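What follows is a single chain, given as C-alpha cells, in the form predicted alone.
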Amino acid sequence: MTSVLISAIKRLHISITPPLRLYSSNVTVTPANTNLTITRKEWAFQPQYTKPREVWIENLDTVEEQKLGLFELHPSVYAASPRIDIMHQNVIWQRKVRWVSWAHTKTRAEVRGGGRKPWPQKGLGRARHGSIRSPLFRGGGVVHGPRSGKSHFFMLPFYTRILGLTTTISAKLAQDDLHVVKDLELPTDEPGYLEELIEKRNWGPSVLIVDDTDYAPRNITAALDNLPHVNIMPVYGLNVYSMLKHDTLVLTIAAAEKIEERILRLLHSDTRQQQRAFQLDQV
C-alpha cells in the first residue's frame, strides 16, 4: 500500500517552492520559473516583538487587478496599536489650526448713539446711568462678546502627531483599505478609466493617492481633474484628516518606503533640540 502511494505522488510532479516575497532593497534575487523580483530588505530598526506586515503590490495599467508580488511593511509604522483618542486629537487639531472665527459684537463705545446722559444723576429717584448704550439697556453694547479675527490655533505635541499618523495608517491596513501600487502610470488620461478601475477593485467612493514626490505622471493628473472624490498628494502632505476623509488609501512603493523611513527615524531619534526652537508659549 505504501509503495502505491509513493508511486502516485511521484506521478503528480509536485514541486514545492518557497512563497514569493517582494521587498525594497539593493539585494535582488530572481527565482526560477517566475518573472517576479524578490529583494531582501534590511531595516535600520529591526522589529523586535511583532512580525512584518505583507501586502500585495498591485498595478494601475490594467483595470483587472494583477498581483505583482509581496511588499513587506514595518510593524512599528503599519501595525501600531489602534488609538481612537489620538486620531480624534489630530483631527481636532487640524480643524482648529485653520479655523478663524469672524463673529463680532460691538462694545458700548462702538454702538451708535448714547452720547448724552439719559436723565439727571439725582432728583428723579431713578437709577444712575450715563448712557442708553450701556449693556443694561436694550440696543446697548455687549459685554465679553466674540471679537472678530479670533484664531483657535494651538500646537499638538510632536509625538502625538507622529502616533496619529502610525495609528491611522495601521487602521487603514487592518481594514483592508490600504493598497500599494508599483507606480502611477496609466495607459490613458480619460477619467472613465480610473473610475472603472476604482469600481472594479471596490476601492470605495473616495480615494487618496500618495506618491513620494509632487511630480505625478501626466495621465493621472489629467484624469483626476474631473474626479473630485479622488485626490493625490505627496508624502510630505500626508495627514490624519485626509486619510480619514477618504475611504481608500493608495500608496506607491516609493511613498510607502519614504513614510516608513521618516517615521522610524523620528521614533528612534532624540528630537528635543529640534523641537525647542518651535515651542510656543500657550499660557
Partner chain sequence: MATVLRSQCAFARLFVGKTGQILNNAIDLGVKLAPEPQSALLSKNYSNYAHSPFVTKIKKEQYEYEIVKKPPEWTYVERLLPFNTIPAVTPKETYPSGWIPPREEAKNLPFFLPRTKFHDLPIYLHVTYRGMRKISKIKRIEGDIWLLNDEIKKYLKEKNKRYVETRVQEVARFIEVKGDHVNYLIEWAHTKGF
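Positions refer to the first chain, counted from 1. All of these numbers come straight from a predicted model, not from anything done at the bench.
Form predicted in complex with its partner chain: not shown, discussed below.
Engineer: Please check if Tyr236 has a heavy atom lying within 4.5 Å of any heavy atom of its partner chain in the predicted complex.
Structural biologist: So Tyr236 does not count as contacting its partner chain.
Engineer: Given that its partner chain is not shown alongside this chain, does Tyr49 nevertheless sit within 4.5 Å of it in the predicted complex, heavy atom to heavy atom?
Structural biologist: Yes, Tyr49 is a contact residue.
Engineer: Since only the chain is shown here, I'm wondering whether Ser81 would be in contact with its partner chain in the predicted complex (any heavy atom pair within 4.5 Å).
Structural biologist: Yes, Ser81 sits close enough to its partner chain in the predicted complex that at least one of its heavy atoms falls within 4.5 Å.
Engineer: Any chance Tyr159 has a heavy atom within 4.5 Å of its partner chain in the predicted complex?
Structural biologist: It does: once its partner chain is placed as it appears in the predicted complex, Tyr159 has a heavy atom within 4.5 Å of it.
Engineer: Looking at heavy atoms inside 4.5 Å, which stretch does its partner chain contact in the predicted complex, given the options 195 to 203, 82 to 90, 175 to 183, 140 to 148?
Structural biologist: Every other range fails; the passing one is 82 to 90.
Engineer: Along 249 to 277, which positions have a non-hydrogen atom within 4.5 Å of its partner chain in the predicted complex?
Structural biologist: Contacts from 249 to 277: Arg265, Leu266, Leu267, His268, Ser269, Asp270, Arg272.
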